[in-house]
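In structure tokens, one chain follows: the form predicted on its own.
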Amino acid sequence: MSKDKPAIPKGTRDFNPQVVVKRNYIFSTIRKTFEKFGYQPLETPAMENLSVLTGKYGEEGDQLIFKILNSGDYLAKTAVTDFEQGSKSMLRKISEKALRYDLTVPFARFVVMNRNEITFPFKRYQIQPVWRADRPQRGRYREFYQCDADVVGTKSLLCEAEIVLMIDEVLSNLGITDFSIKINHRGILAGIAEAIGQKGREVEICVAIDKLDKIGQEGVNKELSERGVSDDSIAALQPILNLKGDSNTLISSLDNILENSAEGKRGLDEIKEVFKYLSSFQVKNAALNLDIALARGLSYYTGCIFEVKVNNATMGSISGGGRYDNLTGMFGLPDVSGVGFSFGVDRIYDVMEELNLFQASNQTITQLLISNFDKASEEYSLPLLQQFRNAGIATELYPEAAKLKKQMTYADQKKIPFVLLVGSEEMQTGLLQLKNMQTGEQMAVVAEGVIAKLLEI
């Protein structure tokens, strides 16, 4: 028998029941909003064919895909020459599948495979884990859940506006009120590349610009130089990256900068239309900002792009997404426009813990614990247990006779909000003692009164 201590892989975590209950509260809040906006649930396999995933996330993203070795003797189809030619040559021979990197590419694959069975525009949400071979750190894990909402089959910018509304509603309902939704457009970034004399190189420039918050402007300039961007073009980019002001001011400045770029003007016009749609709605808490440094390095975005940051928490982006006109075309279904976004549930959880936003009702499943002092009280309580459960109240009967202190400790540690005390006097009178574990208040009520009180709460 191995003497090694049990452990889990770096970047993964166990979740105890208390944590799972909180996470399920987040999932439930997100799911309700998605369905309120007309999105339908979908699930796809944990693994995809490697060919489905590669080439969709850019060079850096491809390196973070968890590959799965072929079953059996995975070296059977290889030769010494494959090893000599390097990892890329070997990979094709030893791995045909991989764990999904995100939920958007599998969704696009699903749409293509089922295009004759689904109704367009097709709105779906998906809540499942994804895997990335990233370096683990706070807020960045190798296994984590994503909550995606996408719509394909329409180019209407109303969809972009509704993404803003869904983000605003979910975070506001979770108690997160100080957050910014950054928005940009890949057309604007293409126009900027054209304006600085680097037309057609917007993807390379975007990869560098996307790191502005992490490595600063000097770091971005260095990376651009290493990618072969000329000094003159880097110099021309500086005043653009340093543009300040609210969204209207930035739009006005970009009108001049992008006046000779058809792609840039298209992007700017679409941003204006999204803002116009949003003027017809009431946003609760979101601060919507045009951010021309927002690039989101994933290569499949073609239109508006989004990123969400909680301003009063020490956490990076908790949500992001954008429009991807060409993604399904990679799977043989061209000209199907799509737009979507994803919530990072693990990061939202960390933010809510940091800001102490979980309420007592978000931390437990059991609503009522019935005490158990002896055989008589247990027999008396069994019909009550059934009665409360039939009424929809999550109820436990303490499974064995024990002292009151032990049972109260059990309720307290499980954060059960109410305890029903059933002793000899209560059994004689039918008046049961209902104790509120948070306030300490105690009242005498009949069984029907217990049901009414808890359902009211």
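In case it trips you up, residue 1 is the first one in the sequence shown, and so on. Between two forms, the rigid core is defined as the largest C-alpha subset superposing within 1.5 Å. Treat the numbers as computed from the prediction; the structure is a model and nothing was measured.
Another form exists, predicted in complex with a further copy of the same chain; not displayed. Remarks below refer to it.
* Given that the partner is absent here, state which listed stretch (191 to 199, 285 to 293, 114 to 122, 351 to 359) has heavy atoms within 4.5 Å of a further copy of the same chain in the model of the complex. => Single hit among the candidates: 114 to 122.
* **Proximity to a further copy of the same chain in the model of the complex, single hit among 137, 314, 71, 260 (heavy atom within 4.5 Å)** => Checked against the cut-off, the match is 71.
* Should residue 158 be classed as touching a further copy of the same chain in the model of the complex when contacts are defined as heavy atoms within 4.5 Å? -> Yes, residue 158 sits close enough to a further copy of the same chain in the model of the complex that at least one of its heavy atoms falls within 4.5 Å.
* To do: Evaluate residue 309 for contact with a further copy of the same chain in the model of the complex, applying a 4.5 angstroms cut-off between non-hydrogen atoms, and reply yes or no.
  => Although a further copy of the same chain is absent here, residue 309 would stay clear of it in the model of the complex, with no heavy atoms inside 4.5 Å.
* To do: Examine residue 428 and determine whether its closest non-hydrogen atom to a further copy of the same chain in the model of the complex is within 4.5 angstroms.
  => No, residue 428 is distant from the partner.
* Going by a heavy atom distance of 4.5 Å, is residue 94 a contact of a further copy of the same chain in the model of the complex? -> Flag for residue 94 set to yes.
* Asked: For the stretch 140 to 164, which residues lie within 4.5 Å of a further copy of the same chain in the model of the complex by non-hydrogen atom distance?
  -> The stretch touches the partner through 142, 143, 145, 154, 155, 156, 158, 159, 162.
* Verify the C-alpha shift of residue 24 between the shown form and the other one: is it 2 Å or more after superposing the core? => No, its C-alpha moves less than 2 Å.
* Is residue 100 among the residues whose Cα moves by 2 Å or more between the shown form and the other one after superposition of the rigid core? -> Yes: residue 100 shifts by at least 2 Å between the shown form and the other one.
* **residue 40 C-alpha relocation of at least 2 Å between the shown form and the other one, rigid core basis** => Stays below the 2 Å threshold, so no.
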